[in-house]
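Just the one chain here, laid out as structure tokens, in the form predicted on its own.
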């Protein structure tokens, strides 16, 4: 199998894009990625595109050919839907296609428009990623579901709202200098604690925002990169995917996310690295408790130790394992169909040294990304390394 290099990355600013269409947003990210890579659009052999709620937000299905056209491509495209892990799966399948030799050049990423809907409409649209028969009909929303997971975690391992507030404050601080972040401003632990309650124990600043945005990556084989003199120092060396029961009540333990554990084990094995070799991580912090649970599922912290990681300074930009230097979903934003691609784009920039926060990890060579769908019924993990 051939190695896979990230030749180029492209992002739109995350936030509210009133008056813009989804295809316009994706075209911006895709063209930026092609320009970053120095790869002509006619060399792209397939588009892997992630989107979750386009049929609800824009009344538009069958989006992949529209996005290929908007990006100026003349290739086929496939849309991937795995809730908030849609782009992560799209990237994973692109990695597998390049490795197999089926394609040498692929464009992968995703897009979501959300702010054109009301908060109630977004909440209802996102809820279709839960079990409609046994959760949605009972009134479960994702803030409520993650609140249940937080309560289960506190009951099993301890911790409190202040631990979660440190996660929020950390990620906002990381987003300040990120030009793509939705919220480029700091918040204090006290502000997070004093924000309005959403679903106890989660408050407003425990949650990610409603976001429009797009992400794109140009993935190439090592042979193509060498033949075309493309400077692509970052490789995707590991990929893994895991699954779990969709409904929380069907799970053995709501304080754990085995889908992420399985995805991480596969990705680590695929890359030939151990968890203690990871220098930095971008994890799916749709709610602050999600970051905590991810750290443990990824074997970066022991069970019960993730809750205090931000508070202790372990995961801050100056800590031993910086987490979410992009600002995470919490502050950078969460256009759900684009997030998995965005995480890899940010990790690539961090490892290349051209991210505003690269100075926090000047010697980093191994990065990990973790993208989750629903209440982590789906998870995709990638290992990125600076190629020797």
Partner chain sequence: MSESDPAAPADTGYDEWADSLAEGGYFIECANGHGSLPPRRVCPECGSTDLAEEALPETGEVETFSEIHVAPSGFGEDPPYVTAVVNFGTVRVTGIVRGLSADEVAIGTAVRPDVERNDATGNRLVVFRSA
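Positions refer to the first chain, counted from 1. No experiment lies behind these values; they were computed from the predicted model shown.
There is also a form predicted in complex with its partner chain; it is not shown, and the following applies to it.
Proximity to its partner chain in the model of the complex, taken as heavy atoms within 4.5 Å, picks out 127-135 from the listed stretches 261-269, 127-135, 278-286, 165-173. In terms of contact with its partner chain in the model of the complex, the residue from 194, 299, 121, 223 that brings a heavy atom within 4.5 Å is 121. Comment: its partner chain is not present in this chain, but in the model of the complex one of 147, 73, 97, 187 has a heavy atom within 4.5 Å of it, namely 147. Its partner chain in the model of the complex comes within 4.5 Å of a heavy atom belonging to residue 251. Heavy atoms of residue 140 reach within 4.5 Å of its partner chain in the model of the complex, making it an interface residue. Its partner chain in the model of the complex comes within 4.5 Å of no heavy atom belonging to residue 229. Interface membership of residue 151, defined by any non-hydrogen atom within 4.5 Å of its partner chain in the model of the complex, is confirmed.
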